[in-house]
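To begin, one chain is listed below as structure tokens, in the form predicted alone.
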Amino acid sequence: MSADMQREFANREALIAYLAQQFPQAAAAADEVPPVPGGRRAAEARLKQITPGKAYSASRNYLNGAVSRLSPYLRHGVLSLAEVRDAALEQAADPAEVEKFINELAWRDYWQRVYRAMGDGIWEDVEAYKTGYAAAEYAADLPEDVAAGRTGLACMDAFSRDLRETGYLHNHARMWLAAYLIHWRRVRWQAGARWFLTHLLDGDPASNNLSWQWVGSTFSSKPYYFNREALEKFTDGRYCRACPLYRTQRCPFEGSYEALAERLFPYAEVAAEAAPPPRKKR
């Protein structure tokens, strides 16, 4: 890579070609180019569009909710957390109106502080899994069907495709995809964390790895998982309606949380008290 990189280009296509030449390993790993524009001007325009008050609080968990989409600019230092916080407060007659939005900025700051304290330790399990399974019982590599979006699950395949093509996933989609990979496919969270960092425009090791550990239960008191009812609610059913497994009642996410816990974590209570009993190889 040249020490003095070119900064002026005739068009976006020329910029993309130049970056592929300068970073051949990255280009070989993923040839999709997300459509999100970079730079301070784009960041400021996006900042002016945020709705951090009631609209954000009421809809942020929905995939079509009023989220800010500022994370790539925060990740790469184009915007600061303080700058976004101040912009949110300027919109509010009462600071309480934007409290939830500012709380999410605080979480980003928290992850960074943990990262500063732990360093590369964020790539290691902070604690043991609370799932009833030992780390050695999880696969080390990302399954090819998940990476390529060919699992046959309309939701997971769409999330995989969006990750690769847009460099962005709504936070709920990230949690669902992480939970599917760790708990349904029994893959180590590190494999998923590396996959996300390969594609996410806003991916940084701090919030990425520690969030994966939170889902997996190595940085939380219990595993995070979900059921079809929750996914359908927060996606307005758009994936379920298109999924052949839903129509044939073979959706792996179907059932109550209690029923899913029995299927996914049958040894969790045993592991909390003593070593789990021997099990047949699957």
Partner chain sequence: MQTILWIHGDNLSPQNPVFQAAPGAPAIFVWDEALLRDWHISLKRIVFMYECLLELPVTIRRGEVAREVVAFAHEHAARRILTADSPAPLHRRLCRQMSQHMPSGSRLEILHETSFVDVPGNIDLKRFSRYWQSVKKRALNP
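None of the values given here were measured: they were computed from a predicted structure. Positions refer to the first chain, counted from 1.
This next part talks about the form predicted in complex with the partner chain, which is not shown.
Scanning Ala154, Met175, Leu200, Leu142 against the partner chain in the predicted bound form with a 4.5 Å heavy atom cut-off leaves one residue, Leu200.
Screening Gly237, Pro244, Gly39, Gly255 for any heavy atom within 4.5 Å of the partner chain in the predicted bound form leaves a single hit, Gly39. The partner is not drawn, yet in the predicted bound form one stretch among 132-140, 101-109, 146-154, 180-188 has residues with heavy atoms inside 4.5 Å of the partner chain: 101-109. Not displayed here, the partner chain is approached by Leu15 to within 4.5 Å at the level of heavy atoms in the predicted bound form. Put simply, Tyr267 is far from the partner chain in the predicted bound form: not one heavy atom of it is within 4.5 Å. The partner chain in the predicted bound form is approached by Ala82, whose closest heavy atom lies within 4.5 angstroms of it. In the predicted bound form, the partner chain lies farther than 4.5 Å from every heavy atom of Gln49. Contact annotation for 229-264: no residue has a non-hydrogen atom within 4.5 angstroms of the partner chain in the predicted bound form.
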